[in-house]
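Single chain ahead, written as structure tokens, the form predicted alone.
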Amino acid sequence: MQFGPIWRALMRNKTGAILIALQVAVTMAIMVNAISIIQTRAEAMARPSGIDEPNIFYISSIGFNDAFNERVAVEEDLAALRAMPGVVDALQTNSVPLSGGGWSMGLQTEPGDDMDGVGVAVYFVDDHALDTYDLELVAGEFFSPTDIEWREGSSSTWPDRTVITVAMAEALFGEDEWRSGVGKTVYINNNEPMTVTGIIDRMQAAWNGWDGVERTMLVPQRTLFGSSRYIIRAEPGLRDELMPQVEEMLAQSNKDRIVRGLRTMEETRERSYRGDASMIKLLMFTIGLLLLITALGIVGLASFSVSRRTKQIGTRRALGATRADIAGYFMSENLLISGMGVLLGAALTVGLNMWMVDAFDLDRMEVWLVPAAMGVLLVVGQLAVFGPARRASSVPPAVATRTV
């Protein structure tokens, strides 16, 4: 098919072609950047938290009168929980990964109020944390039972040791030197020393939108904050059976408190990323709607062109043009219009992405998305014009002899 005659024909009636090309360009710019956002959000949602999510649940215990002895209650509760059939292990802690609420501090490698610290999420745990969370210790040693202390709500001092994640060790000591962090001293509250006794592979913070979500530290303390959160890890397949049993056991064992907030880690993850999941669905709907509108625009332009040139098509058929020639003409015409649209769209896509990265601190799109979107829109254009092109090819040669 010769594109020269097609181009000259388009230039004689260029308004519709220009509008369709602009529509394709705008659709491409929005589609590619929306896909880039979807990709970024989906990758964030798929990040492993570092713990045994399918088998972990948690529950809170809150004393409501002076007769409630939190320390005694915690010790008795943990002993009872760990003794329950089907429970792998349990611990008391202050926060839960991806829950949206917790502690954060800053660690620095040198003391001093003028030194910059690296933000880190804080989990108060005991020596059962590795088994309860199913964490992987990749360097150093974990806490022993004799390391565990009690922390009052008003306390501002910290123990002399900590365990951190690989991500935190990389932030403090360098990506290639993170293993050297074992045994080194870091400082919390600007001047309070803590020795890094071990490094775990991964454990996420409570805030999924934080850029330091992988930077966490474990502190060997049980808390006396008036409210205790228990993390329980069940044997595979027994979580749902154990949850009501644990709730009933805690409620019956001590009448001076209320027990609430029974929730699985899977539910916590779903709640944490609910906004991201909704955004992905909205963007996918927007992409589908834009593609549909663009396709309908192409169908409309092609159908109008066919109806306007019916006698011309009949004349070409009478002069020997085959049905394939007629269909090929309209398919090629659309390919030319869509080609101009995707070329303009590529420029708009890059410009829009640069603006969004600067204005909203988004990640840059991956380069391959641009040619992939160009290919998709060209295919959509060809599919959309196929129906009108087929109708055009069905125009009989006898139409050329008719008068209006």
Partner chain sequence: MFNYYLKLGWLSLRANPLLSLLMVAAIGVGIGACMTILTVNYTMSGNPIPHKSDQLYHVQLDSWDANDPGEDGYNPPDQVTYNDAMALMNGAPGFRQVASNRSGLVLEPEGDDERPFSVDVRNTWADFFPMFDTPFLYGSGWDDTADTTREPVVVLSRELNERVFGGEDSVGRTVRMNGLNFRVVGVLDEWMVVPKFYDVTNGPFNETEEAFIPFNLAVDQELPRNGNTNCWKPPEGDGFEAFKNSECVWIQFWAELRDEQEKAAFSNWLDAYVAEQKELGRFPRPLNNRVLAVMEWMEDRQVVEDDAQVMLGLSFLFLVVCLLNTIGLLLAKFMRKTGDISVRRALGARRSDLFRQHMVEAGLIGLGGGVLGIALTWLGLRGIEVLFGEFVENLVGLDWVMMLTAVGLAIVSALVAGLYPTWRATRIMPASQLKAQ
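Remember, predicted model here, so these are calculated numbers, not experimental data. Residue numbers count along the first chain shown, from 1.
Below, we turn to the form predicted in complex with its partner chain, even though it does not appear here.
Only one listed stretch (23-31, 336-344, 374-382, 42-50) carries heavy atoms within 4.5 Å of its partner chain in the model of the complex, and that stretch is 23-31.
Using a 4.5 Å cutoff between non-hydrogen atoms, Val182 does not count as a contact of its partner chain in the model of the complex.
When contacts are judged by a 4.5 Å heavy atom cut-off, Asp160 does not count as touching its partner chain in the model of the complex.
In the model of the complex, Gln204 stays away from its partner chain, with no heavy atom inside 4.5 Å. The closest heavy atom approach of Asp113 to its partner chain in the model of the complex falls within 4.5 Å. With the partner omitted here, the residue from Pro193, Pro145, Gly237, Gly300 that has a non-hydrogen atom within 4.5 angstroms of its partner chain in the model of the complex is Gly300. Out of the listed residues Gly174, Gly101, Gly275, Pro244, Gly275 is the one that sits within 4.5 Å of its partner chain in the model of the complex by at least one heavy atom.
With contact defined as any non-hydrogen atom lying within 4.5 angstroms of its partner chain in the model of the complex, the contacting residues in 273-290 are Arg274, Gly275, Ser278, Met279, Lys281, Leu282, Leu283, Thr286, Leu289, Leu290, given in sequence order.
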